[in-house]
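Read the single chain below, which is given as structure tokens and is the form predicted on its own.
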Amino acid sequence: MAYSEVENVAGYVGNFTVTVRKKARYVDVKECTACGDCIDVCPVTAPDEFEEGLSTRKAIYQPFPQAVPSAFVLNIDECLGNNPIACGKCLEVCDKDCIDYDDKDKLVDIDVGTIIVTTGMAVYDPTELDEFGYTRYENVITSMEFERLINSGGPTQGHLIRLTDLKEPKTVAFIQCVGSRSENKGNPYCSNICCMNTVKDCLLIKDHYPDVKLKVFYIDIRAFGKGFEDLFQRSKEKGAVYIRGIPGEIEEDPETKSLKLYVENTTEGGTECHEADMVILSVGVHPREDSSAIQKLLTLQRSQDGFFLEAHPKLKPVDAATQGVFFAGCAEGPKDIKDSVTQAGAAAARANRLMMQGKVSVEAITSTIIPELCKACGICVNVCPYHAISCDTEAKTPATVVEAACSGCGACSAECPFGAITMKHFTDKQIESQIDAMLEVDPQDKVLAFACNWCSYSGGDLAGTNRFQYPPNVRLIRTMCSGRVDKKFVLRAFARGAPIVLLSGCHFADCHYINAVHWTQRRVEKLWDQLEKKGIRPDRLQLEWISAAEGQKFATVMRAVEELRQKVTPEEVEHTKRVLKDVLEPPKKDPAKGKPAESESAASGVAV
């Protein structure tokens, strides 16, 4: 479906409903023969996006050569022939009567079982890097503009020319890592493709223009792929000169329009000045601007660099956290063509394997609604990161859970104020029984820790296998996610005499359940306020983010909380047990009024 975009995605694995907006082309695709008569008479010109603005197009145009379908599209915002009709020339010359100024967008619903996200990436705009003179000097262009410039189907039919005088340059300079590996301007990560793209461009120029001098200014040449080092060496043999250092400033000669590059050569030492007729900025890549919209549509995770995050970097490299959604190409991170093709094949295989089964197997840790306790408040709907819960708050009907979409994080159960949600195999009763058992004997000598299954609990495993030493009095309670830890679990642990309670989970960017860890943060912050109001030191409740690879940090954190435990006095523990007495012994109902009887702590003015 060309010239279309996804408007909405609903449902779950095996039962997605995708709403696609087919944009109005204002040209009948079936009748249009792409004869070009309409282009000849169209008076409107605009920059050609496909040619990176190096040439112009008309208001009616073909998006790019070999576009499918092979038909024109009319940009109604640029056209003079609509509302009111001030032109209409394309309509007059069209023998097939293909032009329809009254065309409208159409919404189409498609039922699909799986979704593969291949939305690609965007290219860095170096305008903010004023030291390179991009947009100020015509002969400073980006690598993407250079690709169109030397393409046989481009605006110059593949001829290498300077934009100022349309003559062949004698010296061409490439500047690497523009917008990449930079903390201040651009992105801190390596864009993966830039080095080898420049090597390829050097070879291409030398093959067609052997007399052109080439200079490449770089930080490090990263040629790690198969055959890449050979290409790099070939470009040097062809005459490309590689200078280790990034120019700090570029100046232009007003008369000749030649460029002077001032650079510190970190290999030979000292500052150098190099002249070039054309400078090509090897720009990096970054996530698309609409990544946030795609993330909301499909309930995806994004890493710190903004690209979509896979479910597991080793075991599920093409799977999203949302079941039935897969990644391919640069949507998941910068990569070259070979890696994109490989990942696309893997994503197609994963999707096909899932659909061939005809059914979805889910782990028996999903959440379950208790209808008689549900008040249809809708909190669980907002909490669920997978949109697996639905609830009609107006009709006050109990919420329902789609088990195929539920991944069992348990955040909904922890946030439900009425106890209407339970999680299979991680029920409140099971967790409370573990708390009671661990603190039954000498609770003041122990540290009670809640650890999420995927990160902090695995970090503890790594600490053990690596023989990192930490205090033996730490008692771990495993939950699938830190978001499952209800505040009543923490209060129960303190009421049982625990001097320190530790809650540990994944880092925000690594949460196995998309954004469930954010609810953990909010819940703990509220608990700190509640503990302080009760006269309990908030720092007795610790919150730490530990990944599965941070065994050393796990041991360090455990040693730190043990030091903190030793500072908790018996008087503090007894005071805590006294003010939290009602957590273990809920107030009894007054038979006469049907209300909870006033407890000793409530009567003394302590809020419970």
Partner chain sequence: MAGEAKFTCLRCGCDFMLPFTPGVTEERTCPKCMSNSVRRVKQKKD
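Computed from a prediction, not measured in an experiment: that's the story for all the values here. Residue numbers count along the first chain shown, from 1.
Not on display, but discussed next: the form predicted in complex with the partner chain.
Heavy atom of Y26 within 4.5 Å of the partner chain in the predicted complex: Because no heavy atom of Y26 falls inside 4.5 Å of the partner chain in the predicted complex, the answer is no.
Partner proximity in the predicted complex: K553 to the partner chain, non-hydrogen atom cutoff 4.5 Å: Yes, contact at 4.5 Å.
Non-hydrogen atom contact L543 with the partner chain in the predicted complex at 4.5 angstroms: Yes, L543 sits close enough to the partner chain in the predicted complex that at least one of its heavy atoms falls within 4.5 Å.
E183, heavy atom within 4.5 angstroms of the partner chain in the predicted complex: Contact with the partner chain, no.
One stretch from 86 to 94, 131 to 139, 169 to 177, 527 to 535 that, in the predicted complex, holds residues within 4.5 Å of the partner chain by heavy atom: Looking at the other structure, the answer is 527 to 535.
Contact at H507, V557 and L564 by the partner chain in the predicted complex, all three, heavy atom at most 4.5 Å: So, yes: the whole triplet contacts the partner chain.
Residue (of H518, K488, K257, K260) lying close to the partner chain in the predicted complex, criterion heavy atoms within 4.5 Å: None of the others qualify; the residue that does is H518.
Interface residue in the predicted complex among K296, K106, R522, K396, criterion: non-hydrogen atom within 4.5 angstroms of the partner chain: Contact with the partner chain in the predicted complex is made by R522 alone.
In the predicted complex, shift in Cα separation for L309 relative to I546, 3 Å or more: Closer together, by at least 3 Å.
Sense of the change in Cα distance from Q552 to R302 in the predicted complex - at least 3 Å versus the shown form: Those two alpha carbons end up closer in the predicted complex.
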